[in-house]
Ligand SMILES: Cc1ncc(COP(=O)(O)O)c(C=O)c1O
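Next comes just one chain, in structure tokens: the form predicted on its own.
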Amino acid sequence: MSTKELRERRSRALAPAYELFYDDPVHLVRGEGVWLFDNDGRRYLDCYNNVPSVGHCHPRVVEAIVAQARLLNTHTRYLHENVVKLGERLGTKFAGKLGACWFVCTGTEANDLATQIARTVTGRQGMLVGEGCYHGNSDLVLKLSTSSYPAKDRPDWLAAATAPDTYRGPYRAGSEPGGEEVLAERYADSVADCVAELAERGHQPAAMLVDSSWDDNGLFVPPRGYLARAASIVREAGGLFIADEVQAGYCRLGDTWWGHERYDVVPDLVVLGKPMGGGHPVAAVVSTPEIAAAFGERVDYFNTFGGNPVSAAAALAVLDVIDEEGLLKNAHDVGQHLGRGLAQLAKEHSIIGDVRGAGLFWGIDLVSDRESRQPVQRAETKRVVSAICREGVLTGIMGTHGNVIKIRPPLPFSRENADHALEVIDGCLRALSH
């Protein structure tokens, strides 16, 4: 079937809220490693998808899913070794006492559950998040996603701290005497202001929820010390600290398994999602035995598909592949190479105002004027990523202004893949500038 025919069928069968990427939508039929293939057999380098974290259709993950599906798939109210083993294996990846697991299907469910846990354990309702964040789309979690609706519609139990944007934010790199430490203090002051703001409305904080890649904001690299200060402020006020690792986790940022580790913070709760199953829907909340026990005394939590044996088999295979194929080191090494290449592009193209990121997660901040740092319109960003797509490389768009090109490939991404992507991006920016 042609792409045009399938698009017409889709418009009749699916609700119109669904979005398609690119000016000319891509009709994909197969994936292998870092490559995707369309219905005409054309190959695309995937620089966008972190869901297939260890590569599209990795044989180990596929075989694990098929083998377990042939035997049994049920839920966590029966004993099954896969589910127990997954909890044990995840526990070895965290510092401190983290290791008590609840399994769910999506990052949205995990953030919803983590919020419920924090509220139940603390007996409070107030929540702190970052300005311009996204954490999912359930009724509760959508309210926590300040990028998704007007500020005037926020509930009175929610307060949003200024995001640690040292490029375009109120406190910028190089602008404050004292460097990163002072910047960290300035942005952490906003967290303290949020605690006070909640108190004025009659609420105390149950928790602060933070995506440690600041993905939807535009991928920020906060001043060192900021996250630890923010967590300390919330804890001193009696709240918990929740790390949303749906984006930053599973080695994405290159140096560590989890984003919060980069900032020397041990959360009270950790949320896992997208990359956990290598393409299969599985997610989790991880906490301490004490918090888990306190929640369990009050709530008998159950999720029909969360923690099913097939999902657990997929998640175990992902852990095996990451460790055995050295994908954390690969994310670090290739990420450094990719970062250097992007920095060189920024020197050659005036439309690039900033390049930021780590490991295999980078953002190219497009501007209409470097001096004022004025972001380009989202339509212009879409024009650029659509041009890159036509040349066989898939990227995405992120950021509060819709002006940041997202580069977030599967973890097996190689130096050769990076060089190819850089060459295509360079060529497209040159062509569009003329």
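Start at 1 with the first residue shown and count on from there. Everything quoted here is computed from the prediction, not taken from an experiment.
Same protein, other form: the form predicted in complex with this ligand, not shown, and the subject of what follows.
Novice: With this ligand left out of view, which of D215, D268, D165, D112 would have a heavy atom within 4.5 Å of it in the predicted complex?
Specialist: When this ligand is considered in the predicted complex, the option within 4.5 Å is D215.
Novice: With this ligand left out of view, choose which of G339, G87, G136, P309 has a non-hydrogen atom within 4.5 angstroms of it in the predicted complex.
Specialist: None of the other options qualify; the answer is G136.
Novice: Given that the partner is absent here, state which listed stretch (292-300, 73-81, 190-198, 102-110) has heavy atoms within 4.5 Å of this ligand in the predicted complex.
Specialist: Checking each option against the 4.5 Å cut-off leaves 102-110.
Novice: Evaluate A231 for contact with this ligand in the predicted complex, applying a 4.5 angstroms cut-off between non-hydrogen atoms, and reply yes or no.
Specialist: So A231 does not count as contacting this ligand.
Novice: So in the predicted complex, does Q247 come within 4.5 Å of this ligand, heavy atom to heavy atom?
Specialist: Taking the distances in the predicted complex, the answer for Q247 is yes, it comes within 4.5 Å of this ligand.
Novice: Would you check, heavy atoms only and a 4.5 Å threshold, whether H260 touches this ligand in the predicted complex?
Specialist: Output for H260 is no: heavy atoms all beyond 4.5 Å of this ligand.
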